[in-house]
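Shown here is one chain on its own, the form predicted on its own, set out as structure tokens.
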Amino acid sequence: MKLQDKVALVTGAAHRVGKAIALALAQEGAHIVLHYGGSVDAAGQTADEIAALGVDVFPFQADLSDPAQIAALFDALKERFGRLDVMVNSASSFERRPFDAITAEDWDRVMAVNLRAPFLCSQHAARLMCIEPREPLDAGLIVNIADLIGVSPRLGYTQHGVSKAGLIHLTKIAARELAPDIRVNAVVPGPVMAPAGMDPQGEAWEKIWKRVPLNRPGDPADVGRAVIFLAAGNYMTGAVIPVDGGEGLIGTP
């Protein structure tokens, strides 16, 4: 798919990895629907950066744990652009809790954002992508941003890991269900940036990235480049692409 003048929706695009993905798509000429949750100021700054690239940007705030707000997001998108070509499910929570302390409410909160929301967004996206017949080399594209914890269990992240494992399986099921008009793939980032609240210059972050085979941290832009690669690779669907410096080869601690 050539991205010039296409329409792309990126959830969680105000900052961090979501921002890098939105900027990468905009640099290729795509118009951006910039979803954000509570990061109002960051969303405004990111929207300005995207607009400076000469494409249209449409910021929209929505709580993805609420199906009604997801529907409102897609209604607004349809009214603004009338079409959708690329959907990136990047928004995610990242909660740590001991196994025996997880409540039903904790479980449901994480699943609502990390698994149910990508499913509902993909469902809405598929309907928009198929308003008109698509050429074989111009299939719609959905990309799910997963997590290595969804592949290799990590202590303290039970509900997060299960949600991301579910997202990877959702990727494969959706790839079969939506073919040939829509391709669905996933990207699994590794240590591309320090977790929120962690000093990117500190020892804790260095300890994380030094254990990976490439012996260096990645960058959010690496994930953006992977999304662009998936957009260009029009014979790829159901793929799960690691962008992790080889961390998946050794698993999570």
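Quantities reported herein were computed from a predicted structural model and do not represent experimental measurements. A residue's number is simply how far along the shown sequence it sits, counting from 1.
The discussion below concerns the form predicted in complex with a small molecule, not included here.
Contact annotation for the candidate site: 116, 166 and 227 all lie away from the small molecule in the model of the complex (no heavy atom within 4.5 Å). In plain terms, the part of the chain that comes close to the small molecule in the model of the complex, with a heavy atom within 4.5 Å, is 158-166 out of 120-128, 158-166, 73-81, 134-142. Looking at residue 147, you'd find a heavy atom of it within 4.5 angstroms of the small molecule in the model of the complex. Within this chain, residue 65 lines the site of the small molecule in the model of the complex, having a heavy atom no more than 4.5 Å away. Proximity of residue 231 to the small molecule in the model of the complex: non-hydrogen atoms within 4.5 Å are absent; the residue sits far from the partner.
Looking at residue 193, you'd find a heavy atom of it within 4.5 angstroms of the small molecule in the model of the complex.
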